[in-house]
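We give structure tokens for two forms of one protein chain below, kept apart as structure 1 and structure 2.
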Structure 1
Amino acid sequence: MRAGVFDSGVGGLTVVKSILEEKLFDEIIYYGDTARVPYGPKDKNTIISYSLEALEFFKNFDIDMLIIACNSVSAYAIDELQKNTTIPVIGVIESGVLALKSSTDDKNSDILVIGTSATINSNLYDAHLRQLGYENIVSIPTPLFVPMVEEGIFDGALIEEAMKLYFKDVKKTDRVILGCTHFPLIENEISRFLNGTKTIHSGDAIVQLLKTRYDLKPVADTKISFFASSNPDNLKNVAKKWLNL
């Protein structure tokens, strides 16, 4: 089976890493829209337009499934993508919510959701979590993390100052949903700053969904190809480092 994985930049590699570890596909085609990252500050119609362009790109590869490794796209463009293709289109928001449910059934847990401005403003995480009975939810846009990760900054003073800015009013949290696929690259720093709070990230979450919903079995080996709308060499370099290729 051949899967396409789409993200606004390099963040979706965190999803690819989880998929590779489980050996769920014979081939993965990764496309990062690095020329127009980040998607978070962009309006809904622009995100939908960019996503449909990415769908046209993937039509060149006869993929069996499209995995949206971008929370902003998952928040605004899933329905339009599904209308324009016959293959399954799987987003990361649904999988993240299901992963939290698996992580804790304590409805009084203090849940922190962080993501791009587009993802947080969509209120989708909040709505889905409240439907499941979770009430203590705080959602914070943390847009500066995305360009830092795109620049290869995974720790240090800049990350520390950004966390001080964003988390200054966070008193207590039991789970942190990393509502952007860039964030697992700084997951350890976020967890440390928040006193070791358990994190939920899209890569592990979407693997759980894929295995249960589509009954995918491990394959012997996975071929992977990387494409980007700008500076593909940088994407490939990050992939080599993050995926140990």
Structure 2
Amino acid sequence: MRAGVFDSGVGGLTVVKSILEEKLFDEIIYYGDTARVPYGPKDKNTIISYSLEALEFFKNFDIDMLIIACNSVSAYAIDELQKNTTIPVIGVIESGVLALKSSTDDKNSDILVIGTSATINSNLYDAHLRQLGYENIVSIPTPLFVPMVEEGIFDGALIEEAMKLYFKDVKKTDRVILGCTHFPLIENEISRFLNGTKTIHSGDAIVQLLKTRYDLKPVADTKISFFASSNPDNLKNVAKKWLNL
């Protein structure tokens, strides 16, 4: 099986990391649209149009499945992508919500959703969770975590001060959904700050969906290739660091 993984930038590499650890595919093709990152502030039609261009790119590789490791694309372009291909297209929002559900059935759980301003303002995690009956949902935009992680800052005073700022009104929380693919890199810090709250992580959520819905089993080894619409060397450097390649 060959999977395409699409993100607007480098964040989706955390999803690749989870998939690689489970060896669910013979081959992974990662494509980051680094020339046009970030997608968050762009409008829905632009995000759809860029996503369809990415789909065209993946047609070069005869992939069996397309994994959307980007919250903005997952929010706005999954349906349009699925209309334009016969292979399954799965995204981080759907998988994150399902992972939350399998993590706790208690509809009164206090659920915290964090992400970029664009993801939080789209309100999609909240809407999907409420459809499933969850009622106590607090969503907080935590945008500064993104440039910090991209600068290689995974802990220390800056992360701590940002958490103090963002989480100052959080009293009790049972689960925190990391609604941004950059955040798994500071997952332990976030969990510790929130008194050990269990985190829901896009990479693990995608793995869970792949194993349950598509019944994927581990293979011997996964080959991986990286492509970027701009500055591919930077993508490869980040991949080396984040994936320990």
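In this text, the rigid core denotes the largest set of C-alpha atoms whose superposition between the two forms falls within 1.5 Å. Bear in mind that the values here come from a model prediction, so they are computed numbers and not experimental data. Just so we're on the same page, residue numbers count up from 1 along structure 1's sequence.
Peer 1: Please state whether structure 1 or structure 2 is the form predicted in complex with another copy of the chain.
Peer 2: Answer is structure 2, the other one does not fit.
Peer 1: Looking at the two rigid parts that move between structure 1 and structure 2, do residue 196 and residue 100 belong to the same one?
Peer 2: Residue 196 shares its rigid part with residue 100.
Peer 1: In whole degrees, what is the turn of the smaller rigid part against the larger between structure 1 and structure 2?
Peer 2: Treating the chain as two rigid parts, the smaller one turns 12 degrees between structure 1 and structure 2.
Peer 1: Provide the displacement, in Å, of the CA of residue 116 between structure 1 and structure 2, taking the core as the superposition reference.
Peer 2: With the cores aligned, its C-alpha sits 2.7 Å away.
Peer 1: Could you tell me the distance the CA of residue 151 travels between structure 1 and structure 2 after a rigid core superposition, in angstrom?
Peer 2: On core superposition, this C-alpha lies 4.3 Å from its counterpart.
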